[in-house]
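The chain below stands alone, shown as structure tokens; this is the form predicted on its own.
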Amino acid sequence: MTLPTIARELPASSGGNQRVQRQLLIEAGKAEAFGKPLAAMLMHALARTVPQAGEVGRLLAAWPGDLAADAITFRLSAGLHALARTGRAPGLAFLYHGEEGAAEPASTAFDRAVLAALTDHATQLGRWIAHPTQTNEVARVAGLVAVLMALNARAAMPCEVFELGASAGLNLNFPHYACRMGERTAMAAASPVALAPEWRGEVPEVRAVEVLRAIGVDLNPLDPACPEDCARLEAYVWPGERARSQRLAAALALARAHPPHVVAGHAGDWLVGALAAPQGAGVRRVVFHSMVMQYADPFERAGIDAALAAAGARASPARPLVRVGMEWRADRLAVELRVTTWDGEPGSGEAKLAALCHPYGEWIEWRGLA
């Protein structure tokens, strides 16, 4: 959907409302492109109803930051999902609990249900809008597994993994997951948590990956043993994503049996100390982040880059440092898996595009590390 098309769809309203509606329609177009019709349906309904939504509409219209970078529509969708999960917005139950193949409600009836939720539960939705997003999509970690196997094909080493923006730490449990790439399965083949992205391109050779330790940092870590924290994570799943919901539930259950190690703190400050800790000879140190940098301010991103560059200057073939980032490209039209290796050799510190990815790990277009 192009911006001129979006502009034609917008009803006459204030400038703030038009900005919100435009972003909602952009998100609807993305959802349609990714094959998520229920999420697109919700975004279209929100675009039509937000100008009438009273307190929530005013809050969105006056939002001081960038709506896309701050993931405002994602926050609002999560709040609506939370309402539907508790039965407080029965008109939205179709989106989250409808049976496969059930008839969609008429758009006017659905609009009324959405508007009722926005107006009747403005205070609760305002809290969701004000709170930064908290997602922990474990399917994204398949890219990290592929990178670690490709690195081991060059020089096999045990590794230690530091994750930035770890949320509940579910990605840190990747050694306990089955990661299927085409016909090949890596890591824990019999795991109840199966990562099976559609694999495009050459499939990496399956190699053993030994993880000596895995630790993460998050501003507000969530606890897999806390029902309220689990419900928050579950609310951030898009409408119609039953497989994602089931995978998340399995990952949370596994995390209660194998609690991941996540500390509270700012990623940049924490990383300085983590990278200053002694690194054993023959150990690969890996810093991983996925869909996190869009939420970090410029100072935080600069601090992370500086910490990595300083540690990279000390790296050697026996003590390499690797950064693996799965993030939106600057134009937000593609998600890239980029890998930077510091080892004191020629090309050290150069970022390489290893893959293009679906934002939630549904497919990976592998390019390799060459």
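Residue indices: 1-based, along the sequence shown. All of these numbers come straight from a predicted model, not from anything done at the bench.
Same protein, other form: the form predicted together with a small molecule, not shown, and the subject of what follows.
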Closest heavy atom of Glu300 to the small molecule in the model of the complex, within 4.5 Å or not?
-> yes
Hey, in the model of the complex, does His266 get a heavy atom within 4.5 angstroms of the small molecule?
-> yes
Applying a 4.5 Å heavy atom distance criterion, does Thr119 contact the small molecule in the model of the complex?
-> no
Is Thr86 close enough to the small molecule in the model of the complex to count, meaning some heavy atom within 4.5 Å?
-> no
Among Leu252, Ala186, Val292, Leu275, just one has a heavy atom within 4.5 Å of the small molecule in the model of the complex, namely Val292
Answer key: of Gln134, Ser191, Gln279, Asn152, within 4.5 Å of the small molecule in the model of the complex (heavy atoms) is Gln134
In the model of the complex, which of the stretches 266-274, 78-86, 191-199, 177-185 has residues with heavy atoms within 4.5 Å of the small molecule?
-> 266-274
Mind checking whether each of Gln18, Gln23 and Thr73 has a heavy atom within 4.5 Å of the small molecule in the model of the complex?
-> no
